[in-house]
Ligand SMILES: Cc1cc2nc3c(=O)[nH]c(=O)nc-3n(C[C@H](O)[C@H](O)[C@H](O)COP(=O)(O)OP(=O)(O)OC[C@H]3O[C@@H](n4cnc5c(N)ncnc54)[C@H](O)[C@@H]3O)c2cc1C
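Given as structure tokens, the chain that follows is alone and in the form predicted on its own.
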């Protein structure tokens, strides 16, 4: 075998799995089709400080951090009504995702993880006779010569992100295409009325059906501005949001886009089965993203650390059969499944609200000071508690009956 453990994908999830396994004594190789890790960027880069602590990433290099002081968020209704959720201290940071990804690679390399860049994996299979995983790949070259090579290992982890075609080649079902939403983001300078301590989130079926738009400040004049849409026309919808949406259009009259990003967000795509003979699936490839925000660095990262630990244990015990590998499913579900299920229910409900119903929801929050309840119990990554508390609130219960006529199916 070429290595004990092979991980496909060098994003945060792949590198966290690699670090976890290598820390437990495994010989780890990571394959990634990109020659420049972290590029192109597909992420807004907003990450909670508490989540980073759970991943063991309390002290990121200064060069990775674009904004170190996000204290809260301002939420906007379709008409522009708003409420604020905030804390006295910083709750999140904004990172440069390319530099963040590269930092995690360097961190893993320091403890012996081997990264093979420019390797496009085309197939993965388990050899039942030899009891190891065969990974077919070709080196990405300018002339596009596809000489297929094989890398074998005792265990492998698929961590190559959204729309992973490799999952379909295993005994596990992939995330359905219907669970992918289209996202588009700009890095914009000369934006007016920015507060560097607050993220802004905008809801409306007109420009962000199925999700929301955002303004994430980097400094007093520069921000990441984007949205995700279930209707796929995210570029056109972001243009409408910035140039025609009344509550914000005047803030972008003098602005200039510096960079463009496109990507996919997974909503309610969590896989039930994420392991089989010699193989584990983690991160976006397993649908382990937050349905409320689309984020997957923390939730996917936590699952990845578990995957690395289970893979290392499988190697030590010389057990890579599906019965043993199922340990991973049990452990990540024990740690995260309640959160995933609660967020999925909340997203399902919110996505059925018309703009009229969304206005009523905002009115309920504002007039009943529910923002204070969110301030007290809210957590960016552990959202089940606050969502359940809101659903049990008598005014929210009344709201459900008020908006029933405005639900869309």
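Here the structure is a predicted model, which is why all the values come from computation and not from measurement. Numbering follows the first chain given and starts at 1.
Keep in mind that the form predicted together with the named molecule is missing from the display, and what follows is about it.
**Q** Of these, 307-315, 199-207, 289-297, 273-281, which stretch puts a heavy atom within 4.5 angstroms of the named molecule in the predicted bound form?
**A** In the other structure, the partner sits against 289-297.
**Q** Exactly one of 303, 215, 113, 265 has a non-hydrogen atom within 4.5 Å of the named molecule in the predicted bound form; which residue is it?
**A** It is 265.
**Q** Could you check which residue among 72, 269, 161, 78 gets a heavy atom within 4.5 Å of the named molecule in the predicted bound form?
**A** Residue within 4.5 Å of the partner: 161.
**Q** My question is simply whether residue 13 lines the interface with the named molecule in the predicted bound form - judged by any non-hydrogen atom within 4.5 Å.
**A** Taking the distances in the predicted bound form, the answer for residue 13 is yes, it comes within 4.5 Å of the named molecule.
**Q** Determine whether any heavy atom of residue 121 comes within 4.5 Å of a heavy atom of the named molecule in the predicted bound form, and answer yes or no.
**A** The answer is yes: residue 121 has a heavy atom within 4.5 Å of the named molecule.
**Q** With a 4.5 Å heavy atom cut-off, would you call residue 33 a contact of the named molecule in the predicted bound form?
**A** Yes.
**Q** Is residue 46 close to the named molecule in the predicted bound form, meaning a heavy atom pair under 4.5 Å apart or at it?
**A** Yes, contact at 4.5 Å.
**Q** Judged by heavy atom distances of 4.5 Å or less, which residues of 51-74 approach the named molecule in the predicted bound form?
**A** Contacts from 51-74: none.
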